[in-house]
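Only one chain is included here, represented as structure tokens and corresponding to the form predicted on its own.
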Amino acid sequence: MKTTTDPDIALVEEIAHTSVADCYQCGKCSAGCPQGQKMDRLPSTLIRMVQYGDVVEASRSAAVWQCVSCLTCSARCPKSVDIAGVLDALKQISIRRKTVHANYQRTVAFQKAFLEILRRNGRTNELEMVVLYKTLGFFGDVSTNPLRSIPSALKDAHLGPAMLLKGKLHVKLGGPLKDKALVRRIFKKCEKKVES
């Protein structure tokens, strides 16, 4: 087993604020996981992969995106390893290294659209977010599957008019946010943490 001198293991431990070497594979995390039966790899398997330095392969797993962050695994760990934190670290690494599982590319596109609108406006705007999400999804689909891109981009377009008529889709921007600078400072602080 590799030690934490391995840069990939050290990165996971730094992001998760935990020591994966403490895990002795008792399996309590996997036994208690409410998503365990749906996962391609159980939490204990992912921890073992990280222990052996196979961080890139672990980050490609669908399981890191199926984790609902309920913290059951971390609470059950007799060695206080933050397993949920490790899975979250693997998510971050998969986004950085562009190794996100193919089934979860849309999830990442949605998260990016949401955060970009929040960063820009200080609050969400539904219509702007839908347009950005569909645009990100379209270009993601074009690069991976060009035949799927246009139908996917227009998939929910028929819902727009009905939602607008029922008052479920707000076209106008929200009122001015009192302290947009505060939101920008929060984002800068988070980005600084990620970079360091």
Partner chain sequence: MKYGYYPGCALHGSSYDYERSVRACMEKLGVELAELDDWICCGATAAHSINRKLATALPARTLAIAERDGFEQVFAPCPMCSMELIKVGNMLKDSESLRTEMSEIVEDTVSGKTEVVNLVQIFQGCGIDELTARAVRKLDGFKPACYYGCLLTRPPKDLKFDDCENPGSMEDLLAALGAEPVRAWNYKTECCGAGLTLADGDSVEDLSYKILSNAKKHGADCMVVACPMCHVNLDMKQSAIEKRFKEKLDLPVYYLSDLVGLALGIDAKTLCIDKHFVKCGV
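This is a predicted model, so every value here is computed, not measured. Residue numbers count along the first chain shown, from 1. Definition used throughout: the rigid core is the maximal C-alpha set that superposes within 1.5 Å between two forms.
From this point on, the text means the form predicted together with its partner chain, which you will not see here.
- Its partner chain in the predicted bound form is approached by Asp156, whose closest heavy atom lies within 4.5 angstroms of it.
- Interface residue remark: Leu11 is not counted as part of the site for its partner chain in the predicted bound form, having no heavy atom within 4.5 Å.
- At the 4.5 Å threshold, heavy atoms of Lys112 reach its partner chain in the predicted bound form.
- Taking non-hydrogen atoms only, Thr45 never approaches its partner chain to within 4.5 angstroms in the predicted bound form.
- Residues of 100-129 lying near its partner chain in the predicted bound form, listed in sequence order, are Tyr104, Arg106, Thr107, Phe110, Gln111, Lys112, Phe114, Leu115, Leu118, Gly122, Arg123, Thr124, Glu126, the criterion being any heavy atom within 4.5 Å.
- Relative to the superposed core, Ala31 undergoes a Cα shift smaller than 2 Å between this form and the one not shown.
- After superposition on the rigid core, the Cα of Val131 moves by 2 Å or more between this form and the one not shown.
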